[in-house]
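First comes one chain, alone, set out as structure tokens in the form predicted on its own.
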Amino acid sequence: MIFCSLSFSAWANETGTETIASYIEYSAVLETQWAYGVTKKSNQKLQFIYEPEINVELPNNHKLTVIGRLRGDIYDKLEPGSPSQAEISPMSRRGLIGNHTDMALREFYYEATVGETYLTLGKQQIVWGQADGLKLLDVVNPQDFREFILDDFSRSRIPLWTVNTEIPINDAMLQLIWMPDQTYHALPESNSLYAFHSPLLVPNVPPGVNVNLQPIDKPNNFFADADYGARLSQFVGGWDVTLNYLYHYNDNPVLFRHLTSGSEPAVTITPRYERSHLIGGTFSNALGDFVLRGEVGYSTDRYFMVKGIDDRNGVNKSDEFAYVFGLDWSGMTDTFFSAQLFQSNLINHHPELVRDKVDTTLTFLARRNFINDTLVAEVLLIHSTNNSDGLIRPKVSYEWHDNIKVWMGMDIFYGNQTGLFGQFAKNDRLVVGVIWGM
């Protein structure tokens, strides 16, 4: 952060070190969560998280933000042992302290204004899209799947080292991003509690066939393998609309497969990241008590697994057209309802693909506030119509004091174990948490 160092040094010389402390703001969040597996009748986690944040106000409305995280888990079932972090670039990896504790620089970015252009330089999160429960355009940052999709997006999203530029153009705003950070989804390892085993995600290998899993073929060129994108946002005729473009490596590795026949047949699986163009947009409008919103995305060169083990490489390439339509209603005091339709369509569907040509997911969220908004009860339902499986998440939270919140919820999976959600049908859990803002 050369710009930050120069600016801070000049500021210290002008004001004197005795006044610097008045421009530094410190805050922190201390949180503990206990999760009990009600199906297996065993503890899933007893987790403690400390997240300090430092904000430094600099001259000319410049600002430096630093957010760290210290996390410990007594039971060590989500990431048993020491995770390899093979998907994470060296400059973004966590520091591991034994098998139960890790520490990370979550965010570290410098904000500056140059003329009318707004710059954010450093490790940060960039959110595109606001869909509930699932993601369509919110794919700029990869995700940590140590708890599948149960953790808050703000916490499971992996910040990347990014150059983020926002340029006003008349009534519109153009955002340009460049990400040389080769970090991708942090996928659970085979011995972890939420390891994937659905045939939708993991190749199905018949009994008696040996599996040779190769190391991930990961991009490593700082410039040539960088991701970049652009978003144009504007308010048009009552509608908030955006046009989005992202040229990136898909954060899920493609599992290329090769079968070796003979007296001892074996399957060699070579994970490799592949490039894709994402073109899409978002829209939203308030219509009385209703809000209509949506996201649309077209992705090129997506790879999907095929059923037959003797297929040439185990995958088939297709473009994908996906969208989500949402309708929110707040016409009753202290009450909120939201329904969403997610749909993914494969342009070049092959009959041997594991997934269907059209994949449909429905979500429903109901929330009610009580006692002057200090008590909140809600339930989120995510249902896959293709596999008849899903997830139900009831939750109650209470703001005990201005800086202390306690909450309790459940994560209930249902459906066949071959489904995306049904694979975790034995992982139903009760979760209790306390959040203390310092």
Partner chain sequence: MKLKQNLFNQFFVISVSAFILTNTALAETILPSGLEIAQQVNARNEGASVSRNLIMEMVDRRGKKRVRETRGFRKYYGEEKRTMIFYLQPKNVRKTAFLTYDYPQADDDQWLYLPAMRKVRRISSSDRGDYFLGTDFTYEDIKKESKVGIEDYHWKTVGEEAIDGHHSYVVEATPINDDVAQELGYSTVIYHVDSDIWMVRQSDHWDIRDNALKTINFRDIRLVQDIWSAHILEVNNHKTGHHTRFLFSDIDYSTEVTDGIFTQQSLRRGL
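Since we're looking at a predicted model, the values are computed, not measured. Positions refer to the first chain, counted from 1.
Here the subject shifts to the form predicted together with the partner chain, a form of this protein not shown in this document.
J.: Choose from 193-201, 341-349, 261-269, 229-237 the stretch whose residues reach within 4.5 Å of the partner chain in the model of the complex, heavy atoms counted.
T.: Stretch with heavy atoms near the partner: 229-237.
J.: Which pick from 131, 186, 160, 139 sits with a heavy atom within 4.5 Å of the partner chain in the model of the complex?
T.: Exactly one listed residue reaches within 4.5 Å, namely 131.
J.: Using a 4.5 Å heavy atom cut-off, which residue among 400, 407, 36, 48 comes into contact with the partner chain in the model of the complex?
T.: Filtering the options by heavy-atom distance leaves 400.
J.: Would you classify residue 433 as touching the partner chain in the model of the complex, given a 4.5 Å non-hydrogen atom cut-off?
T.: Result no; residue 433 lies far from the partner chain in the model of the complex.
J.: Hey, in the model of the complex, is residue 60 touching the partner chain, heavy atoms inside 4.5 Å?
T.: Heavy-atom contact with the partner chain at 4.5 Å: absent for residue 60.
J.: Can you check whether residue 55 is within 4.5 Å of the partner chain in the model of the complex, heavy atom basis?
T.: Close contact exists here: in the model of the complex, residue 55 approaches the partner chain to within 4.5 Å, heavy atoms only.
J.: Would residue 32 sit within 4.5 Å of the partner chain in the model of the complex, counting heavy atoms only?
T.: Outside the cut-off, so no.
J.: Establish, in the model of the complex, whether 27, 118 and 166 all lie within 4.5 Å of the partner chain, using non-hydrogen atoms for the distance.
T.: Yes, the whole trio is in contact, each within 4.5 Å by some heavy atom.
J.: Mind listing which residues of 286-304 have a heavy atom within 4.5 Å of the partner chain in the model of the complex?
T.: The stretch 286-304, when checked against the partner chain in the model of the complex, contributes 286, 288, 289, 290, 291, 293 at the 4.5 Å heavy-atom cut-off.
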